[in-house]
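A single chain comes next, written as structure tokens; it is the form predicted on its own.
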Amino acid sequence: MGIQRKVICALDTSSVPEAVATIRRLAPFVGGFKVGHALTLPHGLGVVETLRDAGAQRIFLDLKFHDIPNSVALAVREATRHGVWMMTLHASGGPAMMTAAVEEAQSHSEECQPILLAVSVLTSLNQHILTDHMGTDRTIVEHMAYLSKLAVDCGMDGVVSSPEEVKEIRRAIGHGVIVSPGIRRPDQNLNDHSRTGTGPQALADGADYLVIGRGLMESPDPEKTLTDYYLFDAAGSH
């Protein structure tokens, strides 16, 4: 896989024209595009076809499904019908929910089956919130490793992990896919992410894909931005 194919651009906009323009500009430099609530809530899942027509061959649907098993299975069915490449579910929905999602995905032809990713601990959360407000006694790394292994044991294809925990999560799940958001340049604003890291370090620790949003969408020269800030370290090596 070419190094740039490991980058997924997050379409952080609710504007279809802006998303289409971004895809046309960035498609040669990235491996896929992430779509979330900002685009799907006002425009429906049909927006996936619009984005694909603009050149987004691989769509990562990041809606983080979390509901009773039957409801999540129906959601996976609809997303699969729209041909998404990968999608997210909350691991905290439990084994029955994840198993229902996996069974639904596997009921489709092999070429149509999406990659199912489990979300364990959002990158916006820190240890204080996890312990004092959510009642979890485990450390963030322990909780992520536990939920990530549970997800893979339930048949999920992989997990989402912040750059800080990739190494531990890779050790916990083995061969599963790891997608890492919260990728930042050393000088970049953290925005709403509490746990971040650089692209080279996340890849070195075992991530398969990096999710980058504002840093790419706002760049006047995305190829140079990727090369200089996200995919290479200060010494100029991968």
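So that there is no doubt, residue numbering starts at 1 and follows the sequence shown. These numbers come from a predicted model, not from an experiment.
Here the subject shifts to the form predicted in complex with cytidine-5'-monophosphate, a form of this protein not shown in this document.
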- Item | Interface residue in the predicted complex among 213, 69, 176, 200, criterion: non-hydrogen atom within 4.5 angstroms of cytidine-5'-monophosphate | 213
- Which one, 200-208, 40-48, 176-184, 23-31, holds residues whose non-hydrogen atoms are within 4.5 Å of cytidine-5'-monophosphate in the predicted complex? 176-184
- Task: Check whether residue 120 has any heavy atom within 4.5 Å of a heavy atom of cytidine-5'-monophosphate in the predicted complex, and answer yes or no.
- Result: no
- Message: Under a 4.5 Å heavy atom criterion, is residue 10 part of the interface with cytidine-5'-monophosphate in the predicted complex?
- Response: yes
